[in-house]
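Below, in C-alpha cells: the form predicted on its own, a single chain.
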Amino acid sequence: MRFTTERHLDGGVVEREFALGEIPGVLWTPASASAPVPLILLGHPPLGLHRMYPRLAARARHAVADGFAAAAIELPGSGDRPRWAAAEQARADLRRAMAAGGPVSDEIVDALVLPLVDRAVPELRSALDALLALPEIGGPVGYSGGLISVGIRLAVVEPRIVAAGLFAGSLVPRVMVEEARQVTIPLHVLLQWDDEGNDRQAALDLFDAFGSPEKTLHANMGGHTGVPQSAGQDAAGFFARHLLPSPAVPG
C-alpha cells in the first residue's frame, strides 16, 4: 500500500488516498486516538470513487466520529481503472431491459453481478490485509453498504468481517441467494419500501434467506434517495454494538 495524498478535514479526520497496486482507495482515520481503532469497509456502486466521494466522505466522517476508521477502494472497471468491456455490455443490457419496462432476465443479472463479485471480493480482502497492517487500525472489521452481492460473498469468505450493514437490492443472482444461507454474522439490512428500482418482494425473500441468527430489517417509507437521517443513526448503533469494545462494568 502506497499513500499518495494526505489532508486533515474538520472534526479531527485524516483523509489519505492510497494505491494498492493499480487499485485506488481512500482511508479516513481519527487524527488522534489512544489505541488502534476498528475498521469499516465502505461499499459503493460501480460509479467511480470520484463520483461517489461526497457520499463516501460523509459516511466516513460519521464513522470516524463514532470511533472507527473507514476505507473504500475503487471497484473493477470503474473510475480511473481500465475499462471492462463485459461489464459495460452488461450495464447496457440492463439499461435496455429497464427502459423497455420488462423484467430483467436472470442472464442479465448474472452477467452484471457475478463477474464483479468474483473480482471485487479478492481485491477487498487484499485491501484488508494492507489496512490491518497499519498501526492505527486494529480491527475488528465491518462492511457497510455497496452492492449487496459483494456483501454476501465477503460475509461468507472473510472471517475478519464480524458484522455487515447492507442496502437491500433485488438484482441478486439466484446463486447469491443460496450463498446468503451461509451467512452467519450479524446483519443490519436497510430497505426503502418504495424504491422505484427495487423489487420489494425479491429483497424480502433475500432477507429471509440469510442464515444469520441475528438479522434486522430496517424498512422506511420512500424511494431510493429518501433514506431518513435516523437510518444512519440506527446503522451506527449496530456497528458500535458489534465492533467497539464493551464498556467496563464497575466493580
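Numbers for residues come from their place in the sequence shown, where the first is 1. These numbers come from a predicted model, not from an experiment.
The discussion below concerns the form predicted in complex with another copy of the chain, not included here.
Taking the partner from elsewhere, Trp28 is found to have every heavy atom lying beyond 4.5 Å of another copy of the chain in the predicted complex. Contact between Arg200 and another copy of the chain in the predicted complex is found at the 4.5 Å heavy atom cutoff.
Although the partner is absent here, His218 sits close enough that one of its heavy atoms falls within 4.5 Å of another copy of the chain in the predicted complex. Taking the partner from elsewhere, Pro213 is found to have a heavy atom lying within 4.5 Å of another copy of the chain in the predicted complex.
When contacts are defined as a non-hydrogen atom within 4.5 Å, none of Phe3, Glu15 and Val37 contacts another copy of the chain in the predicted complex. Checked against another copy of the chain in the predicted complex, the residues Ala65, Ala57, Leu204, Ala33 give one hit for a heavy atom within 4.5 Å, which is Leu204. None of 44-52, 178-186, 57-65, 192-200 except one has non-hydrogen atoms within 4.5 angstroms of another copy of the chain in the predicted complex; the exception is 192-200.
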